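What follows is a pair of forms of the same protein chain, given separately as structure tokens and numbered structure 1 and structure 2.
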Structure 1
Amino acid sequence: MVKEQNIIELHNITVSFDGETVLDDLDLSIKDGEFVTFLGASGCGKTTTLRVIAGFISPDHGDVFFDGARINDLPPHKRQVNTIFQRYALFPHLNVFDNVAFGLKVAGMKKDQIKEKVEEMLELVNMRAFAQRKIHNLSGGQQQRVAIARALVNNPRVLLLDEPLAALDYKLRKDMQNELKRIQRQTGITFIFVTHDQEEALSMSDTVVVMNEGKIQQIGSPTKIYNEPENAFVADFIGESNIIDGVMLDDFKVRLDGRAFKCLDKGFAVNEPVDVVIRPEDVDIVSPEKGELTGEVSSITFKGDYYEMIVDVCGFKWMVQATDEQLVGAKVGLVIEPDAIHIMKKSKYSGMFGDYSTFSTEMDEMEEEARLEEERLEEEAAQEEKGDE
């Protein structure tokens, strides 16, 4: 059960390595009993944030609070926090039982009590039969379970999980997601979970923290993050989005592609430029004359339960998901309901995402580079010709 009081608070946390800022003025509160997920691409500072909470890194600036007390100077071994490390970090000289018993032995617990607790914990993760196994004789999934048991047996107030499922294959990962969720509910321990997989983040968490370049982009429930992304980065990172330049004409009224649309957003200045997010599944395809916008289908891909098509509307490539097949080159009309439109303030990410000429920015960059290279070659050829004359 999520309680009202905060168990962890980060205030203005800044961390840099070799002059490079890795966490930039981070503010975050986590409620007792919450399942929180840090979501972001590799290198955005997720692990660093966990290490600040665990005490392995002391921030350059800012404070860490635990249960309302400042713990900046508390060493890791005194924090009521346990970690499941990215590569598990199980002790190779100990068997499964002794790995799980490690924390209890260090704490000086009695032998029979240790035995009881460890066995109970191995039961919870379904590893009781493997108690005497050596670590290197376990599969990835089994090591994962031992790591979970080794952390949980200490009954921490907060459990930090650093991409614990990244090494597992797809189906096992699904099962472990359910299992972790079950364990979290059963124990009521606060979970801080790190992943770069948005689907995983949305399906497991009470709260998702979207990070990029050492900054928090948005904090919110999975539905809030999906339906009301705060900026173009979040909209693009979570699911698929068409992000179109728009102008707010009035409350509940936005202009895009030269046409006014009704929407549910308000509170913007009159004629304020905005980013407009429209999810591909929220666009309806109709005949051209009935459409609010018209375009030409430039590609279509069968995805099993729907078709994904790219529709060219005056040069902007929309992604649309629909159940009816269209022919490439067909003229179609698009209809967008007011509740399908989400308005965002302009940010530094405006214009970087949301057009489906290509899916990835890498592809964009490659194409741009190729174009520049071509221009350069042409120029060279032209120069040579001049020289010949």
Structure 2
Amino acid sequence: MVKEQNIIELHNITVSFDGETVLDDLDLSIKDGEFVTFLGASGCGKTTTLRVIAGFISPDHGDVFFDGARINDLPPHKRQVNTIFQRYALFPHLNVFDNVAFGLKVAGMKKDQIKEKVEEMLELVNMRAFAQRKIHNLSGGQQQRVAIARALVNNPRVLLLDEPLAALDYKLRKDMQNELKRIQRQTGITFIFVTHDQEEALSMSDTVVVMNEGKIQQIGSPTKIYNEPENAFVADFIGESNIIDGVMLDDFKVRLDGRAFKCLDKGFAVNEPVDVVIRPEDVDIVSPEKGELTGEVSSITFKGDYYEMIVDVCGFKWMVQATDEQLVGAKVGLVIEPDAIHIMKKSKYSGMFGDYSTFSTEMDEMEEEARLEEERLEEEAAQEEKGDE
């Protein structure tokens, strides 16, 4: 159960490595009993934030608070926090029971208390029947359950999980996602989970923190993050999005692709340039004469329960997801309902995402690099020709 008070607060946290800023004046509050996920690509600062909370990294600037007390100078072993890393670091020479009991033995707890606590934790992670089994005889999922039990046996107030599911196969990951949610709900411990997997973040969390370039881009519930992204980066990173340049004509009315559409957004200035987000599953394909926009299908991919189509509308490549197949080259109409349109203010990410000419920035970067190289060669050829004259 999520409580009202904050258990962790980060104020103006800045961290740099070798002169490069990794966290840039970051502020964040996490409520007691919450399941929070830090979501972002590699290098965005999510693991660094986790390590600052754990005490493994000291910020260059800013303060870390736990239950209202500043803990910048508190070493990791004295913080009421435990961490599960991608590599579980279990002791291979010990069985399951002794791995979980290790911290309690170091703390000097009595044998009968250790037995009671360990059995309680193994019951929680459904591993009681495997108490005497050696670590090398366990599957990846079983090893992770042992790591969770070992991390929880000391009753931490906060459990930090740094991409712990990354090494598991898809179906096992799904099982462990459900297990982690169940364990968090059952124990009421604050979980802070790090992942680059959008589906994982949306399916598990009370709150998602989307990060990029050492900054928090948006904080909110999974539904709010998906349905109401605050900028083009979030809209593109969470699921698929068509992001089109638009102009607000008035409250509840936006112009895109030369046509006015009704929407549910207000509070923008008249004629203010905006980014318009429309999810692929919210676009309806109709005959060209019935469409609000018309285009040509340039590619189609079968996804099992739907078709993913790229539709060229005046040079902008829309993604549309529908259950009815269209042929490549077919002329189609697109219909967009008002509640499918989400308006965002322009940001530094405007114009960087949303067109499905390619699916990754790497392709765009390669094309741009090839264009510049071609221009350079043409310029060299022109200089040589001028020299010959």
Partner chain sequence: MNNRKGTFSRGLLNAPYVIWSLVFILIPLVFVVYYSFFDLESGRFTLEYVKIFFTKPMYVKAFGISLLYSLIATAISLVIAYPFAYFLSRKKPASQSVQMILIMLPMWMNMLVRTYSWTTILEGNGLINNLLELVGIGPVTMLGTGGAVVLGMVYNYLPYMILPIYTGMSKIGQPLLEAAEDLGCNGFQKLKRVIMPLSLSGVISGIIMVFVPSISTFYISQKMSNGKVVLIGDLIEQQIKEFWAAGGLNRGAAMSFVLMLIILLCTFVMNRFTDDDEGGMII
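Along the sequence of structure 1, residues get numbers from 1 upward. We call the rigid core the largest set of C-alpha positions that still match within 1.5 Å between the two forms. Note that the structure is predicted; figures quoted are calculated from it, not measured.
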**Asked** Which of these two chains, shown alone, is the form predicted together with its partner chain?
**Response** 1
**Prompt:** Taking the rigid core as the reference frame, is the Cα of D98 displaced by 2 Å or more between structures 1 and 2?
**Reply:** yes
**Item:** CA of P76, rigid core aligned, shift of 2 Å or more between structures 1 and 2
**Value:** no
**C-alpha of E378 off by 2 Å or more between structures 1 and 2 on rigid core** = yes
